[in-house]
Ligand code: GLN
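The form predicted alone is given below as one chain in structure tokens.
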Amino acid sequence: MKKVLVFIMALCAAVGMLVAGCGGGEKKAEQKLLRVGTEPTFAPFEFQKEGSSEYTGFDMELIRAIGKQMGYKVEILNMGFDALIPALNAANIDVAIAGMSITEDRKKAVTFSEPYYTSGLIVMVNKDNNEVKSIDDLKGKKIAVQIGTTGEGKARSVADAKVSAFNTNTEAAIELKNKGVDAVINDSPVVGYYLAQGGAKDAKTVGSVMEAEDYGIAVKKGNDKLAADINKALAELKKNGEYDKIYKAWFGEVKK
């Protein structure tokens, strides 16, 4: 009887270990992480909510939706715009989304997704400036830009212009407000958002939108698999209406 009891106890212990082992195998696999680099001073595309550590904006909502569609948990990392491409190619981040225009030079350094937004450049001046009516009037003038942007490239093409490059779009706008420069050249929707948020009391745009530009999501050069997955997710968001929903929330009218 004693031997039978010992045998039953041993059997129960073995079964218990087996069940525990099986239970351990049932643990859910950790969700894949998508590390996303951005420069969050580019409203309405990416910026920090006032009084919050959360990043918001069109790009931020879009990349979170793309990540969800792909089955990834999205982690947003704050860094300088000019640090994004080096961070990608050093594998410190997986993706960069920051209102980044797809250019031939950048395509040599990174792989881009399909375009997700079409923008353009605009000139902004102080409200009392009636001398500058377009970029043609900026010859020999002082121009503020955000470092590493296509706005900087455009400004440096202006004959004899004195270009000041700042780390953020906000710093460039402040320099204009303080009359340290004659103009700012930046992306049209960013300037429009700045003016709509109170900047219009001090500044205005002049001339027409220049050089239509496509924004793309950048990944490490040669990472065609990740780029293809992002394209697939983006296409699905456009098909199911989620892209239009996000676009309308930030820009009102959906472009067709």
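Numbering starts at 1 and runs along the sequence shown. Remember, it's a predicted structure, so these values are computed and weren't measured experimentally.
Note that the form predicted together with glutamine isn't included here; everything after this is about it.
- Proximity of 42, 99 and 215 to glutamine in the predicted bound form is complete: all three residues have a non-hydrogen atom within 4.5 angstroms.
- Put simply, residue 81 is close to glutamine in the predicted bound form: some heavy atom of it is within 4.5 Å.
- Although the partner is absent here, residue 107 sits far enough away that none of its heavy atoms falls within 4.5 Å of glutamine in the predicted bound form.
- Contact with glutamine in the predicted bound form, defined as any heavy atom within 4.5 Å, is confined among 60-68, 207-215, 220-228, 47-55 to 207-215.
- Residues of 128-161 placing a heavy atom within 4.5 Å of glutamine in the predicted bound form, in sequence order: 146, 148, 149, 150.
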